[in-house]
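A lone chain, given as structure tokens: the form predicted on its own.
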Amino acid sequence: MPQKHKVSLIPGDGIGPEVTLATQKIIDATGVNIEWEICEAGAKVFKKGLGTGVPRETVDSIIRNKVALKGPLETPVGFGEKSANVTLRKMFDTYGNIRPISEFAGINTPYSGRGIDIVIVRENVEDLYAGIEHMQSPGVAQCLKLISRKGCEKIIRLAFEFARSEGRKMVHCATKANIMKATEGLMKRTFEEIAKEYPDIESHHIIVDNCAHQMVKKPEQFDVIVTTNMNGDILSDLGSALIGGLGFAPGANIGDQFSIFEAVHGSAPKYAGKNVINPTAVLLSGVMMLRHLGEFEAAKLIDNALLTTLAADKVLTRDIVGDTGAASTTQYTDAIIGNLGKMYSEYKDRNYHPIKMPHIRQDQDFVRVSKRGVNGIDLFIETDKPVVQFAKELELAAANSTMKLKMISSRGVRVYPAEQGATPDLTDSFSCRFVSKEIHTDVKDADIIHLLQKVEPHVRWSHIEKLNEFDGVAGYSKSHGED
């Protein structure tokens, strides 16, 4: 008897039930022994009043089975609940999002024949997608971009180990480290350190906007691209457009204990129930799941049957050929099942191996320093007073404190002391940098509290950030125009 696998199956919203059913039928037709546990998440759960969109029964199923295949889930836009997709990734710490972008025989695009075969390895649980947002004032919002050394190391090691598992020879790291030197810069620095441990794989850093440009100009130059969360989301959608669209864009969310496989595309509710949607992206996500389960032969069977259906038999869905002559979802599914066992002549067999998951220290204090200090604070305030007026008030408020007002900035640009030239357009939100009056003297929490008490009568403050220094290196950025 073949090995039995238990998999949590989340049909999803909109077109989700159709594409997951197609995938389930094709996988079952290979003879792989999978027991599917049907679970619920997404829109129906939100409507029941559960803000996470993920009920306890679904959580328990994934905990038991360790593996899930899911259809797309609707995400509320601009209000209320968090995305159920993001909730699942975070809940199960699936920190690595692997998104292949490969040219398909039989799918004609402006890039056909170029040999596109890229994999985006996207950090999946931190960065801006942590979703930590606050209103600084009624008209100014902020989102915290959190990047950890531990998170960088995990995703970068995963990218190199994934490259090895597929016999790939090059990894690019795409960041915006030229602008965000602390956050994106941490990703770049970590990549350059870790790359030394993989001498068999060529490594390069690339600025992310140039990476997007190069993916359009010469995509065949890339092999594996590792990047931060939002960058990876954008680049992988761009990449899918090069090969025929989101209908051909699979994905895997990988963690130390749990894995969730899903397509990149959304729930497309306007096509739900019409039997016209392309299930290839979810099917290929299922193929990735089969390799994760060690079912490499079944994955190979589906790969070859899919290519035979697309390239040899020319059975294509409406997203490729339009409404005239398009195969329905069920016709396309049946055609793939009918081609199981056929080998496509141009199939590229990578001799896949299981990914060797990276194991790094679990310490919370992942980066340790021998010396630290606090040089001052950035005090974020809300006021509609003229800058010079409230600056003088803050200077007077700090007169008897251990700190002095160094500068005031608005959205990262210094506005006090003012420079000669154009005055930036102002909002009612400002960052006021106070520094210690005595060089090499740490600012204490009591000093900060004392200053806040003095400042409170003059302006409304929203939060503070300490100006930390670690081993003699400033842990904060300068504003444009700051000395």
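Everything numeric here is computed off the predicted structure, so don't read it as measured data. Note that residue numbering follows the sequence shown and begins at 1.
One more form of this protein should be noted, the form predicted in complex with a small molecule, which is absent from this view; the next part is about it.
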property	result
One stretch from 290-298, 139-147, 375-383, 257-265 that, in the predicted complex, holds residues within 4.5 Å of the small molecule by heavy atom	257-265
Sole residue of Y198, Y347, Y111, Y271 within 4.5 Å of the small molecule in the predicted complex, by heavy atom	Y271
Of E126, E74, E184, D303, the one that lies within 4.5 Å of the small molecule in the predicted complex (heavy atoms)	E74
Partner proximity in the predicted complex: I277 to the small molecule, non-hydrogen atom cutoff 4.5 Å	yes
Distance check, I15 to the small molecule in the predicted complex, heavy atom within 4.5 Å	yes
The small molecule contact in the predicted complex: E103, any heavy atom under 4.5 Å	no
4.5 Å heavy atom contact, D319 and the small molecule in the predicted complex	yes
